[in-house]
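Taken one at a time, structure 1 and structure 2 that follow are two forms of one protein chain, written as structure tokens.
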Structure 1
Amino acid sequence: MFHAGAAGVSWKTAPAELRDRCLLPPERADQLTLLIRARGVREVVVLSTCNRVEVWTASEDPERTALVVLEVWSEVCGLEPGWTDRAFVHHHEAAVEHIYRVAASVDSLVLGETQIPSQVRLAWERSRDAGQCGFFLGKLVQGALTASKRVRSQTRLGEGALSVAGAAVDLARKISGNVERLTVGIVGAGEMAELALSGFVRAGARKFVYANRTPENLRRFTTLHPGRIEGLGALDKVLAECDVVVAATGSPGFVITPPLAVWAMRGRRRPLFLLDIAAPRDIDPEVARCPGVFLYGIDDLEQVVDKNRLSRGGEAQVAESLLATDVESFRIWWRSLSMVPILAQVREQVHAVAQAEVDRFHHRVRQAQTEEDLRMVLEDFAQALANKFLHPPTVGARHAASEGREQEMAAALRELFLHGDAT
């Protein structure tokens, strides 16, 4: 029988530096998945977002599977042994509940976070299409996504919900005051960068500079709001010009370094606010040592998030109640899986008995001369078949009665053959 497992690091358990080292981009996720499955784990889904990296599994032995996952993860990412102290591990029903809460954005840094359901779906679809995810995790993740939709439709948790990028915009507004007077730099061209741009536009920002390794990918940003487009080669000038810079490229290394920040601050009298919402991080933490530079990362969003959690606390409780109902539905289905092997054996034996009786009566059917003869043969066949099916439970019932278990057996027989009717 399959059991669920979940292991990983998140904003609640590990700092950004460790989460960066644990990141599983597609190529590395594929390598990890293949190695895990080679060690006997049946199904694997990898979820990697800006504030969590998780591996979901289905296996016969989730405790052993968790050890395999953490061991392979260490190998693939070159992690030091102590990193697992910051990892979480869930087995069995706790893993099911965790996956449902993640998909519903109840376990997110930002309650009701808008991006997480689509990220969960993409992670599952990618695993499914690669043949790494079968019926069990498929049922689990699809159930979690259905529960997520129910939470959003039956609570107000998703109304005006922030993304991480939106929380970063709120933080920028809090630390810099009126954003209408600011020059905002957006570094990156992906979804997070676009969400940050949309947030600043709604907040009233009017002057933007866009920078990316491939400037052509920024053309769509100018349809959201006019702005100057630059390549990363001009990042020093972008930093010098802007008041607030949001970095969200997802590049494997730092794109904003201390020398760039020092150059940008030469002769400058106003502060520079840097918001790093990329995974892995785009900005070298040492940049924060530069005079006049204020660096904020995802882990610094707590001051904005706390207000968000306070305002959504009641809706979160309603969401948790809805999820508990949906998790219990999955548990019922899950428990029913334990009956599949024995039911398959029963079905096979019943069909074998039925076929044997068909073979035994076949010659009598062919010899029947009249409709009355055929009816008598069919009645004999039905009686013989019924006796064949009833003999094992009859013997079993008598044996149970001889051992004083007649009430237990009677209840089972009513449940199986009389649909629970006690009369």
Structure 2
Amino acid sequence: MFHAGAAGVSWKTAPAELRDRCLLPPERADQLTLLIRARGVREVVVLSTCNRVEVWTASEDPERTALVVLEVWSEVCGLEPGWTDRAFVHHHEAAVEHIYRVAASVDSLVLGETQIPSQVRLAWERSRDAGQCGFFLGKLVQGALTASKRVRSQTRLGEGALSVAGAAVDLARKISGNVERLTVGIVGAGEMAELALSGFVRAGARKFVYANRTPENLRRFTTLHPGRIEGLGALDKVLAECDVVVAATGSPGFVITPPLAVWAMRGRRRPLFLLDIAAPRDIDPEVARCPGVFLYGIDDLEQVVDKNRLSRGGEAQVAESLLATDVESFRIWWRSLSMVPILAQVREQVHAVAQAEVDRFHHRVRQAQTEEDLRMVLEDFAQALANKFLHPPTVGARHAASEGREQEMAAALRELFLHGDAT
């Protein structure tokens, strides 16, 4: 019998640097999948996003599968030992629940984000088209996506700004109006920068400039949305070009200083929205005195988030309860799978019996001269077939009665042949 398994790293368990090293772009995901399947795992789906990299499996032994997945992953990505301390592993029903929560974006960094369902769908379709995923994970992922739709339509989880990222977008809107037309600069490669980026991507911003001391670390941002990559040395150009700049580096000192802001605002009419979400701060508070500059910090955003959170009520709880119902439906289907082998055996045997009877009556059909003869043959055939089918349960029922299990057997026969009818 198949069991679900899920293993990986997410924003909850691992820092951005580790997630970066665990990333599984398509070629690497294919390599990983082939190696895992070569070790006896039946179905594999790889989900790789900015906030999580996960491998979902279907196998007979999920505990062993999880070890295989982590081992192969280490080989493929060249990860050093000990990384698995930051990884999560779910088996059986916990894995099913996890996959449902991921697809419904209840497990997301930005609660209710709209991107994850399409990312899950793409991951599954890719795996299915490559023949790496069959009916079990197909049913599981499709069920999770249906549940995700239900959560989205029956709750207000995806609306408005619940997150810090959403609050940043709201503030940017208050200053510059339509976010889609804005040029957004992301300075830094940390989780908070990624969070702000996801907010602006969701809000429809199209033009991004990424800046970091080590530009190579911005690779995962470009998978979320294409953009130009700069080093911190070009920060003056970034400030002059952008309408919104989110600063979230790990720098110990100020990265954006008043002279830099004054230079950026020289000869410029558009306001500049600066958001400092770094700890310690990246932007000198004196920058706020520069005309046309709107400088906000994480505390300011939290004010906005609190207002929104109050108005959103307990949408997350409603979503969780909806998911619980859907997970239970999948669980019922999953339990029914345990009958599949025995049912297949019964069907095979019944078909063999039927075929033997057909062979036995074949010559009598050919000898039938009249319609009356043919009718008699068919009646005999039906009688013989019924006797053959009923012989094993009849013998079994008598045997059970002789052993004192008559009640149990009667109930089973009633359930199987009389559709539960006691009369």
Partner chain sequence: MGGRALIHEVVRWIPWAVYAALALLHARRWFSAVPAEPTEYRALRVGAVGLHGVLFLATAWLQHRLPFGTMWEALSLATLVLAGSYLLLEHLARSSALAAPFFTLAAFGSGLSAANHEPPRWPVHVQSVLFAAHVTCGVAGLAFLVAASLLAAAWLLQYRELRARRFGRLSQRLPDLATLDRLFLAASIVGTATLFVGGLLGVVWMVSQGRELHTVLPKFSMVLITVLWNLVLQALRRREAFSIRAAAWMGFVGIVPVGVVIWVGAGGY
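Rigid core here is just the name for the largest C-alpha set that superposes within 1.5 Å across the two forms. One-based numbering along structure 1's sequence throughout. Note that the structure is a prediction, hence the values are computed from the model and not measured.
- Here, the chain labelled structure 1 is taken from the form predicted alone.
- Relative to the superposed core, D30 undergoes a C-alpha shift smaller than 2 Å between structures 1 and 2.
- E60 is not among the residues whose C-alpha shifts by 2 Å or more between structures 1 and 2 once the rigid core is aligned; its shift stays under 2 Å.
- Core-superposed comparison between structures 1 and 2: the CA of V184 exceeds or equals a 2 Å shift.
- Superposing the two forms on their core, we find that the Cα atom of E241 is displaced by 5.8 Å between structures 1 and 2.
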